[in-house]
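One chain comes next, on its own, written as structure tokens: the form predicted on its own.
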């Protein structure tokens, strides 16, 4: 059997039962899941995805609401600009494609916030097309099994897409199945820090294992620190604004973090990123909640 065949056989027996993998999941549901899963663990995404799809089962449902509601619904998933991009994407789908997520890769890639990975993931997982879907997990599997390297570097390259495409079966639906199988292997078996080699279907042919599991050259990447960072402060500020039913005075936001300089920097960053709008210099709302004509730049 080919590597793709081995991966598919393993996946059919071991795949996690995730909500967005159910047969009834729409292309919109797949798109939402892929955006949410960027830099966020599955365990946190699944309940958020269910809530989102219950409220906005179609792009038109989301597009009809203000952007602020998308940011509110995003909750504590992190990187809330993804919510803004999903809202803009929903509007573009309605305006350009009559509310239907396109099945053409070029049209997918032209949507706001849809990049190389997400566009190919939707084309493959929602529409069963043959495209190399390459994320960190896939790159790690291919790097180890085929090239004998412990990892594949920090970013996806054109060479990664070519390497993955060479492993895909010709039949589109089976190629899509192989793509998700390689991804699942990287997520639960061929992990970065604690690979479960004995459980891997590539155990006997993995070039990395056969060369003695060499360690990466240079220092390994450490997980990003969160506590005490501007990201944490931004999250605290957004939480207050999400819960508010009207403008929030600066004095209320001052209570979330004692470091005045860092707090001001975080608030200014939220305004600059388009997540928050200022009403004068002392009141703030989520972007989209401000009365028309009431928005000012943060002073």
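Only a predicted model underlies this, so the values are computations on that prediction, with no experimental measurement involved. Residue numbers count along the first chain shown, from 1. Take the two forms, superpose them, and find the largest set of C-alpha atoms that agree within 1.5 Å; that set is the rigid core.
Unshown form predicted in complex with the DNA; subsequent notes refer to it.
Just checking whether residue 27 would be counted as a contact of the DNA in the predicted bound form - the rule being heavy atoms within 4.5 angstroms.
Output for residue 27 is no: heavy atoms all beyond 4.5 Å of the DNA.
Is the gap between residue 39 and the DNA in the predicted bound form 4.5 Å or less for some heavy atom pair?
Yes, residue 39 is a contact residue.
With the partner left out of view, is residue 44 within 4.5 angstroms of the DNA in the predicted bound form by any non-hydrogen atom?
So residue 44 counts as contacting the DNA.
Considering non-hydrogen atoms and a 4.5 Å limit, does the DNA approach residue 281 in the predicted bound form?
No, no contact at 4.5 Å.
Looking at 131, 177, 87, 140 here, can you tell me which has any non-hydrogen atom within 4.5 angstroms of the DNA in the predicted bound form?
By the 4.5 Å heavy-atom cutoff, the listed residue in contact is 140.
Using a 4.5 Å cut on heavy atoms, which of 255, 268, 64, 236 is close to the DNA in the predicted bound form?
It is 236 that has a heavy atom within 4.5 Å of the partner.
Even though the DNA is not shown here, does it sit in the predicted bound form so that 77, 117 and 226 each have a heavy atom within 4.5 Å?
Every residue of the candidate spot has a heavy atom within 4.5 Å of the DNA in the predicted bound form.
If contact means any heavy atom within 4.5 Å, which of 65-73, 244-252, 46-54, 226-234 contacts the DNA in the predicted bound form?
Going through the listed ranges, the match is 226-234.
Go through 1-21 residue by residue and record those having a heavy atom within 4.5 Å of the DNA in the predicted bound form; state none if no residue qualifies.
16, 18, 20, 21, in sequence order.
On a core-based superposition, does residue 44 travel 2 Å or more at its Cα between the shown form and the other one?
Comparing the forms between the shown form and the other one, which are aligned on their rigid core, residue 44 does not shift its C-alpha by 2 Å or more.
Does residue 266 move its CA by 2 angstroms or more between the shown form and the other one when the core is aligned?
Residue 266 C-alpha, core-superposed: shift of 2 Å or more.
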